[in-house]
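A lone chain, given as structure tokens: the form predicted alone.
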């Protein structure tokens, strides 16, 4: 995709991040919404940073209701090691040096750079030893009978996030291109010295951003109907808020508690294509509320507009009782997406079990969604996804495998990958049982 210099600055920045590369960085430096403003620098001693790579919440924007707002621009770089067998100490030192450069160059915040480096089961298969029992990291697999995703089995995933698209681009060029400095800090070693970028995907999140991106050159992107219906205030293509703090696990809850990878977490990342013609053109607002949240939300008029009136909690816990769900199906012939998933997303004490950090994408001019989920054990995500499938609710003929069954009719899984996000002390090419 070529960069259209006539685009407004915000749209131009999002397009530049999607394109990537040195030319995109050069083009956007003069047109970034905050061009000329300095990027806050990082720490002189990276050991001062927290052990938890996934500890983002106190480093980003939080609204008045306590909802975390993820950085607007994100990139997912799927990386492979060159050659077979486990990496050596020299490669490990190179990766640690490169990451230390990023820590010194950029403040760990949405104004600077937040990132994590995670590793797949395929990476750990390079070693003779298995992972400890404290780490639950199976190979990715199909999680429903109606999906056929490609599995991401690359060695590692570098996840970059910033409110400044120029920062994301500069980091990529410093780590995998020819840029000799990162925010004024000399680059003495790069990730590209050891790792190869096998795939690059980009995402964005924020009120108004999907509406701005639902068309390219005046034409709707694939998955968006001709009416261009995405609400101006929505942070997601499907038109509603998500990620309410009361419906998210805490970072502490998803953290591994024991073993060599204590202070780490597991990460599932799915990529889902969205087909929203029927969602907007055939469904009323009330029907969309029913299928996104629950029929009870529509009955009681709980959701206004994009749902920002809900504050810090969608209120879904009031609609999880099996009798309530059965009655809603009998009366409305539908069940809600959040309603189904939440049944498995609470522990015995009522705590939420997974932490979702999903962002939208227009890679390849398709409306899609990157869905990173953090949890202490990967099997927890699989449990929640099984509940989301709603197979146990299809005894009623109104609920079919994908029809009237939450939002399954409108999303199609393209990729799945499982990763371990190690603590900072083991972030550079760890062995399965580090000292």
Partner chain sequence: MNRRAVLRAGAGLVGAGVVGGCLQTESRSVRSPPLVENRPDAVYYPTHSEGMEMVGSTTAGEYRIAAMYSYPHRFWEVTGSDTNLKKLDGSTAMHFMTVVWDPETETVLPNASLTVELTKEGALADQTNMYAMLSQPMGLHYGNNVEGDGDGTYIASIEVGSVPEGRVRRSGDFQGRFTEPATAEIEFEYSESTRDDLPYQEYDDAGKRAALEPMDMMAPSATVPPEGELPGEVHGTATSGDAAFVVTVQDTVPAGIEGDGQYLSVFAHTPYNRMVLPSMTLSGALAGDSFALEPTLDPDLGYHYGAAVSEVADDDTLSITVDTPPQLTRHEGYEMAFLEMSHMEVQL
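Numbering follows the first chain given and starts at 1. Here the structure is a predicted model, which is why all the values come from computation and not from measurement.
Below, we turn to the form predicted together with its partner chain, even though it does not appear here.
The listed set 394, 67, 51, 57 contains one residue whose heavy atoms approach its partner chain in the model of the complex to within 4.5 Å, identified as 394. The contact with its partner chain in the model of the complex, taken as any heavy atom within 4.5 Å, belongs to 332 out of 343, 126, 200, 332. Site residues 147, 401 and 414 are all in contact with its partner chain in the model of the complex, judged by any heavy atom within 4.5 Å. In the model of the complex, at least one heavy atom of residue 226 sits within 4.5 Å of its partner chain. A residue is said to contact a partner when one of its heavy atoms sits within 4.5 Å of a partner heavy atom; residue 93 fails this definition for its partner chain in the model of the complex, lying far away.
Although the partner is absent here, residue 233 sits far enough away that none of its heavy atoms falls within 4.5 Å of its partner chain in the model of the complex.
Proximity of residue 383 to its partner chain in the model of the complex: non-hydrogen atoms within 4.5 Å are absent; the residue sits far from the partner.
Stretch-level contact analysis of 374-382, 37-45, 58-66, 406-414 against its partner chain in the model of the complex, using heavy atoms and a 4.5 Å limit, identifies 406-414.
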